[in-house]
Each structure stands twice: as C-alpha cells, then as structure tokens.
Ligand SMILES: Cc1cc2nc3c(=O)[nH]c(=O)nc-3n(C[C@H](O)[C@H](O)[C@H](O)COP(=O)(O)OP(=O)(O)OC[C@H]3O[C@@H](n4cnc5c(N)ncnc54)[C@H](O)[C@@H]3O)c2cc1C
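Before any questions on how it binds or moves, here is one chain, the form predicted alone, in structure tokens.
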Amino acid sequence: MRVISVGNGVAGTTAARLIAERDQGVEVVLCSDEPYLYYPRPRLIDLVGCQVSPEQMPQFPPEWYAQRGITLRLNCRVEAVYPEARRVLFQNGEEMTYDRLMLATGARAWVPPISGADLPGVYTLRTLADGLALCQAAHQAKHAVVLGGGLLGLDASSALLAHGLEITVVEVMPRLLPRQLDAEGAAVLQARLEARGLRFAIGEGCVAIEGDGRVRQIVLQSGRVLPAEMVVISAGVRANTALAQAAGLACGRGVVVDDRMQTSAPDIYAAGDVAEFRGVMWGIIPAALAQARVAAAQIVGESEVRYEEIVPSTTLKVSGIDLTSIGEVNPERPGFEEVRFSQDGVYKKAVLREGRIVGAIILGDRAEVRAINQLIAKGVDVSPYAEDLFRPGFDLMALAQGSAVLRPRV
C-alpha cells in the first residue's frame, strides 16, 4: 500500500510517522512545496528573534525519515489530485498513484484588501522563507508596524525587538488577543508588553500603507500616521483548499471531514489547519496532532479510532509571558459565573456554568494550569469553593483530585 501525504507540517509529518511506525509494509511518501524539512511553526518566532539559526529550524534530520522508511519529496508541489484514478500530478509533470491520500496542506497568511499592501517592505510570517525575509528586512529598518494583536502578531512584535526597532502593534479590536483574553486580562498583558518597549494602537484599523516604491508609513482610521520601513501583516489565515476543491472534494472554509478524518472522497483524508470538522477549524497544534493520529489510525485499518472535538486550549508564552486560555473565556449567554484574580502582572479567571469550570484564563503563571485542566476534564463541581479558587493558599490540585480541601485564611 502506498500513502501519499501532501504537506509536511505538523499534521502531515505526524501522520506519516505514525503510519510508518505502525505498518512497516506501507510505502509512505511525504511531499511539500517548501524546500525545507519539517520545522515547528512556532520556532519561526525564535528565528526572527535571533534565537535560532536557519540550520537549527528542522525538527528532525534527514536520517530520521530514512530510518522510518519515509520517502521525502521536498520542493515538490502537488498540482492536481484525481480521486477516481487514485493518482496525483506533480508540478514537474510526474504522476504517482496512491492507495490512501492525506491532505495536510495547511493554511496561508491572509492579507486584507488594504491599499498599498503589495508594496515592497510589507511582509507576512507563515513560512521559513517569510522568517528569513523578515530577518533581512529588520536589519535595514528603524520603525516597524505590526498589523494584528493576536498571538502571532504579538510574538512577531516581541521578536523584532531583538533588532532594536521601534515597534507599534495596531489592533482593530478593542483589546489584544480577543479570542483568548477578556478585557481585564488583555489590559494586564498590554501593560507588561509596554514595559518591554512595544507600543500599541488599539481599536484602530489601517486604511492605507504608503510609500514611493517601498513602504514608508501607514495611515490609521483616525488619520494618525505611523512611520514604518517595514510592515508585518498578521490578520489570520485561510485554509489551502484549492487542491481539494479542484479535485471535487466537499469544502466549506476548509476541507470537510468526518470523525474518521475522511473527506467526501473515498480513501482521502485531511487533517490540520486545512480540515473542517462540524463547521469548526481551530488552527492550533493540539487539534492538528489529534486529527493526524486519527487519520493515521484509519489509514492503517484501526477503524474504531474516531475524532472527538477538543476543548480549545492554548498554552504558550506570549512574548515570553505564560498564557493559558481554555474553553469558553468570554461567555455571551446568561447562566455563567466568573471568578477573577489580578495582582502584580498575574491575571486569573475561571468561567463557571452550573458550578463547573468551562473556561479559564491563566496569565503570567503556570502553577495552576494542570489543576484547572483536570477540573474541566472531570467536570468537578467547584461551586462550594468558587470564591476561593484563586486565593493564595487554596489547593486547586487537591480539589481536582478529590482530596480534602481547606479554605485559605483570609
């Protein structure tokens, strides 16, 4: 049996590894239109911040693939898929048949229709080539503007500080990280980032990028003008569905899959940023890993393995500041209770429904993340302790594990 995986990001590479390890009789072909071995996308921030070299970016050396019998085809774009014939067409005109096909084509950076967005000096950050271009541009600039105050935008901004630039982050929403934080948490984060040298224009959009042959400034909705020799657009991503659409596969915002990660075509699977399950696309690594595991299991005949929607959870460092955001952190319906704690740059919030935690924000601290995850997973009724959850001295882990819990002294 031959399995072709189109895309060597985290989903494609993980699926290829699992298939090769579970059934050594399977021929696994891993294709990418990039010329690089798989690199974790978050490591691009380290590259831009001068923490790693391009040579340190790959997660695995070439021999890692050879040892597992995985055939690499880098810089090898798949131009077309023919489901009825079970074959793919490569950019060089070569064709290859498959028994199972894995679509892990990921997503691309989205550039809003802003006047001047096509000027030299305007960048996105999605690939290793993007990261290398940003590093080169940063050496020649004094002012940078980052359009977008989401996770990538803030990380890219902090990384560019290593180049000595004056950086302004422009966010059209009324707060930073609107998906992961509430207003109070965003204010705490913004204050910490301002202390590191970042500047912010919150609640303002960019209406134009201007320059004579190269970017020189941007214009905000208010009419304010910001100097910029480089602009980084971080406005989200769009799934790379063109290949699947041309092959006749069902697509919405992404390639539609069922709980086996199978698409509308027999023996074609999809996982990662390109996959859409029940109308949802998380675009986060935990979801990509979970989907890759299911797709790999199905491909090798483990039909009982099915995908279950995950609780959206983000645990990472935002510009070096620990942040965990889990579940429903900004409820808009009635019936929720919110418990907050804020002190010395640390912000914590738990969202309760019927006495159980259904969402949480932990900013600037990691000590209680594991306990919060367990409380959510087990559905523990915390209502008797709601007011004490984040008080110093309260043992959240004991509560999560069902041990005796003592209230802290007030």
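Numbers follow the displayed sequence, beginning with 1. From a predicted model like this one, the values you see are computed outputs, not experimental measurements.
A second form of this protein, the form predicted in complex with this ligand, is not displayed here; the remarks below concern that form.
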Site check 12, 41 and 104: each within 4.5 Å of this ligand in the model of the complex by heavy atom: yes
This ligand: the contacting residue among 140, 315, 221, 245 in the model of the complex [heavy atom, 4.5 Å]: 315
Residue (of 193, 152, 176, 326) lying close to this ligand in the model of the complex, criterion heavy atoms within 4.5 Å: 152
Proximity to this ligand in the model of the complex (heavy atom, within 4.5 Å), stretch among 75 to 83, 178 to 186, 112 to 120, 196 to 204: 75 to 83
Partner contact for residue 255 in the model of the complex: this ligand, 4.5 angstroms, heavy atom: no
Close approach of residue 125 to this ligand in the model of the complex, 4.5 Å, heavy atom: yes
Proximity of residue 286 to this ligand in the model of the complex, heavy atoms at 4.5 Å: yes
Distance check, residue 33 to this ligand in the model of the complex, heavy atom within 4.5 Å: yes
